[in-house]
Ligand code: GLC
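Next up is one chain by itself, shown in structure tokens, the form predicted alone.
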Amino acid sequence: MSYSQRFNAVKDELEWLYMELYGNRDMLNSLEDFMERADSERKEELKALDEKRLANRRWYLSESMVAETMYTNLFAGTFNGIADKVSYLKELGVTYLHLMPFLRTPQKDNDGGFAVSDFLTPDERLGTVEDIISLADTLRKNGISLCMDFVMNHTSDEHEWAMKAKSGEKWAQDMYMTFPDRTIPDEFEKTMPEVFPETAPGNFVYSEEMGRWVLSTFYPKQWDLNYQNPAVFNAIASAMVIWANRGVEVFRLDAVPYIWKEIGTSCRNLPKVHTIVRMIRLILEAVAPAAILKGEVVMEPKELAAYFGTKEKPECHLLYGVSSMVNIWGALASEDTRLLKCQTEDLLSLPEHSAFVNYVRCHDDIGWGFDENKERELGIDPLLHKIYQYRFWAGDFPSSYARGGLYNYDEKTKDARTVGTTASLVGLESAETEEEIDDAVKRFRLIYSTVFAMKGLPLINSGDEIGMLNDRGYMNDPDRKEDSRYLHRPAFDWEKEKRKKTAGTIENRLFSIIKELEGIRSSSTLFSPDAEVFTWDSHNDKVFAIRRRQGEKVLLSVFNYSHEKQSARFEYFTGLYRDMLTGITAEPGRSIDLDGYQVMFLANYLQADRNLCL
């Protein structure tokens, strides 16, 4: 399909949306001229990839897809360093590599890369534009898609636009939301919640150089962009297309719910956010249809469906499974899977084209955003439950095995979030005996198995596969010590990685678990996007279960979130099923006994003589 054919397929809708939002034909013409030039500059191998992806539009949900996320500097120092480690990524089974923000940022107060100073230039400490293009080429040739963390809500106050705004240039001030006095900011503040009320109170910062107030939702040195200005939209959309032409295949849209602001609202999840995301998707479908959008939407489940758009007019291809992650940890601490089951059912009830990236840990904290109405229905006090969770994971109970920490504790509201690596949270840092190590490894298997069993794309947090522990060295760094999220951002230990080949080591056991789960997924079409997925009642609140079905083939994934032996029973399951992990047969319709933290993948379609120890 040619560019002209793809453009003509989106032209009417793109122009209608753009003119409804901006009413500026000259800016629209400029954008369309850029799109045509970008197509002419797109490499032939990327155009070939476009055609391949157009023939398989849900490629990113294949049963063989496995994602990993990492900071470039922590994993291998530079882009070229990552290219040198591609053999390791292939050994791990990665087919989708998400690099945390790698664009130019200030040396200090850069929020881990999220305070962007240039949308087109990488951080020189990581490498050059040529280096990242070379890395994208190397990854693609090895079957790995590159995901870029794209910060679209704000820039740092050292971005060229901000610097020119400070010097008084009107066009640059219009790239942000700036005001001469507090009149309009005060109106915004009446209905606009604070993101970080303790560490970054208020939503506006005063610029002495400019003599104006600037909207700054997250941190004072991050100025929110003004998407009411078409010049902002054109610049951001053009930057994405340029990076798509450089080889980026997935764009993680950071903080996308916040990009449109209106007085009298919460300035979150507003309808025009979806207009903007839809236009970006149309632009990419015309110029770079191999590329997809992944939204970071840390919002209540009821807000999520809108970010997928409709089947006829889709927006994001994927969203982060934030609520799944939170409920997995919540179930593990409480040994109660009711909230996890309810939340999973909510996500599975979303439209068919909805899909999530499912994960255990990422660069960010664990924010305890449970469904409070559902908690009350189940007889759970929301505040006490939240306090229990962050205290448990901080190791603040005699029975806790966790060694995490707190982030953004608020004395007034008693709110707090949790930080820590997976290994430190599941008990590998605190373990002193072989039995404690075994239990920690079982917990690791349990939660990663849950992620791999869920509908969507499983994601590994770099370092989890070899059991990287917390790094408390950040507290000695004046530039990082105030941000406890650095606790779970250790540099990848390549000496530790070597031990993964030695049988019986923690590294070997964890790495083998990931490989085992990949084998289960890739060996069965029941993990394809066409399979039906449901939760299933185990008749035991400590046991969570997911059922997959494709014709007569059925797979029942069963997870015991208790440290003690539990029994479960699944109605409407008849006959013998075989566990893909152990080869043991079971009858799910009758009582099944599971050891503490045990996982079972029970299939009805496996031959008795097949080697199932994948």
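Just so it is clear, the structure is predicted and the values come from calculations on it, not from any experiment. From 1 onward, residues are counted along the sequence shown.
In what follows, reference is made to the form predicted in complex with alpha-D-glucopyranose (GLC), a form of this protein that is not presented.
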property	result
4.5 angstroms heavy atom contact with alpha-D-glucopyranose (GLC) in the model of the complex for H154	yes
Partner proximity in the model of the complex: I506 to alpha-D-glucopyranose (GLC), non-hydrogen atom cutoff 4.5 Å	no
Proximity of D364 to alpha-D-glucopyranose (GLC) in the model of the complex, heavy atoms at 4.5 Å	yes
Proximity of R252 to alpha-D-glucopyranose (GLC) in the model of the complex, heavy atoms at 4.5 Å	yes
Partner-contacting position among E465, E296, E315, E518 - heavy atom within 4.5 Å of alpha-D-glucopyranose (GLC) in the model of the complex	E296
Residue among Q222, T105, S145, T422 with a heavy atom within 4.5 Å of alpha-D-glucopyranose (GLC) in the model of the complex	Q222
Per-stretch contact check against alpha-D-glucopyranose (GLC) in the model of the complex, the hit in 228-236, 214-222, 521-529, 280-288 (non-hydrogen atom, 4.5 angstroms)	214-222
Residues in 111-136 with any heavy atom within 4.5 Å of alpha-D-glucopyranose (GLC) in the model of the complex	D111, F114
